[in-house]
Structure formats: C-alpha cells, structure tokens
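For reference, the chain that follows is the form predicted alone, supplied as structure tokens.
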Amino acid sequence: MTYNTSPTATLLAECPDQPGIIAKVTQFLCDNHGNIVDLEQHVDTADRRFFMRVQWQLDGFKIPANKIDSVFKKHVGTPLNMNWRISHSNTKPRMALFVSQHGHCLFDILSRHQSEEWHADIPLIISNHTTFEQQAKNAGIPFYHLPINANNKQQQEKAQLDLLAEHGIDTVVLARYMQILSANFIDHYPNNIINIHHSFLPAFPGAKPYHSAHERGVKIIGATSHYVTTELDAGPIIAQDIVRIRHNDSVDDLKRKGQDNEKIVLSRAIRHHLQHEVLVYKNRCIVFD
C-alpha cells in the first residue's frame, strides 16, 4: 500500500442524527485550512444515529496537531453531543501478536508486515508455547514465552499486560491464540483486541470441527474477525467471509480452505483497524471501507 506523503488526521465520530452535522464538521475544517481527502457518512435510521469518517491533510492546517482535539471538542464535538476520536497518520500503531500452536495467521501477518503493507510496528510476539520462537527471531521481533495453566493464569496475564505497557502497545491481535482472556485483560484494551475464529461454532464444537463438518457435508465454511469482549466470541464483528466446499473435498481440503480464509479475514480486519475505518456502536461495527 502507498501512503500519502502529506500527514493527515482522521476523525471517527457518531452522534444523534440531526440537520447540519456534515456542514458543521466540514466548515470547521475549511475555516482552519484543512484539505479533505476522504469523507464517508452513514445514518442508522432505526436508532437515529449518525456516523462519519473524514480524513484531511495537516499541511497548512491552522491548528497545531497537539491542540486539534481540544479545539474540535469545543466547537464541534460538544455542541453535537458526539462520541469521537482523531488519529494522526504520522503516529504508527503498535501491535502485539499473541499465538499458540497454529501458525497460518502469524505467518501471514509477518509477511504483510515485512512487505510494509501495513503502517504499523510489531514490537513483540507473546505465546504460551515455544513453537514459533524461531520464526519470531527470523523476523527480528522479540518473542516472549509465557505458558499458562489453571494455577498461573492471573500471574501470566499480569506479565503480559506489563510487557504490553512497556512496549507501548495499543492493539493486540490474537493470531490463533487458544486462551480465553480475562475481563481484567480485556478492560485494558477495549475495542483494541482483534480475534479470528472459524464459523463452525456452535454447530460443530470440540477438537475436530473440520471432521464433524466434513461428515455433515457442509457446502460453505467461513471465518469471523471481531473485537474481543467479555462475552466469548460475541464481540463486534469487523470482517467475515466464506469459501465454498465441494462434495469431493477431503477433511484436509476443508482445513486448507478454512485456514486460507482465516488469514484473509483477519488481515482484512487488521487493515480496517489500523486505517481507522471502524466505529463500534452498541455491539456492531460500522466499517468505512
């Protein structure tokens, strides 16, 4: 991906629907010499809520970058009763990867990172196994092995949170990390922990869902990437997709197709998140793609 050489700011906002919202936001930018490069909006007519993403260039913008939030809040955010945040393109997101013993999503993420497809840093990889320690070293990323059992989960989560704070992490990606995070952990990163899982639950639970799906003769399989909440696998969905299954596909074919789909869906969700294209409202994601 080619990034704009001119630094930009991106506003994500939602508020009660009312006349003049776009006019007020764009007038604020115009008055301060902000050149808009992208704008999208959506209205939920059932809830009467307005959603907006607007990106503008900071070259020539009259308000210093460190004062944009306070000035916007006074002149636009508070009068419109907005929930909003402003992000800056010259601030690189810092992303931590958590992984267990399935490496397909990890390898895909490392490949995209090394090819500079994403505008993000990956300062560390955390795992409850040592399976991918060498791959992390090959990528030049520090690897932390923190095994978890029934007796040390709280202690190890504290160690994980300390590492994330030490490295200034703002986004956590569960790249097939087979542990349930505690409510305390999740509360440290609301709507900033991204998970991926296959679509077999709840129809095909257990250790061998692909075998069960194959025996049932399923015709499609899918993957879901979502933000992690305290309700297991029920957080706001960022991205989903499916692949079709033929009658002559084996269990191994299902696994291959399923894992390929998981990689694509997770990478899509990460990209939306890193580019500040996702607004969470209630338990839904508004994705400005």
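Since the structure is predicted, the reported quantities are computational estimates derived from the model, not experimental observations. All residue numbers refer to positions in the sequence shown, first residue = 1. Each form is matched to the other, and the largest set of C-alpha atoms that superpose within 1.5 Å is called the rigid core.
One more form of this protein, predicted in complex with a further copy of the same chain, exists but is not displayed; see below.
- The contact with a further copy of the same chain in the predicted complex, taken as any heavy atom within 4.5 Å, belongs to Ser111 out of Thr130, Asn90, Asn81, Ser111.
- Annotation: in the predicted complex, residues Glu40, Phe200 and Lys263 each come within 4.5 Å of a further copy of the same chain through at least one heavy atom.
- Residue contact check for Phe107: one or more of its heavy atoms lie within 4.5 Å of a further copy of the same chain in the predicted complex.
- Although the partner is absent from this view, Asp253 contacts a further copy of the same chain in the predicted complex, with a non-hydrogen atom inside 4.5 angstroms.
- Residue contact check for Glu215: one or more of its heavy atoms lie within 4.5 Å of a further copy of the same chain in the predicted complex.
- Proximity of Leu58 to a further copy of the same chain in the predicted complex falls outside the 4.5 Å heavy atom cutoff.
- Contact annotation: a further copy of the same chain lies within 4.5 Å of heavy atoms from the stretch 132-140 in the predicted complex, the single such stretch among 132-140, 68-76, 173-181, 186-194.
- The partner is not shown here, but in the predicted complex the stretch 14-29 reaches within 4.5 angstroms of a further copy of the same chain through a heavy atom at Gln18, Pro19, Gly20, Ile22, Ala23, Thr26, Gln27.
- Core-superposed comparison between this form and the one not shown: the C-alpha position of Ala65 differs by less than 2 Å.
- Relative to the superposed core, Thr230 shifts its CA atom by less than 2 Å between this form and the one not shown.
- Positional change of Thr45 between this form and the one not shown stays under 2 Å at the C-alpha, relative to the superposed core.
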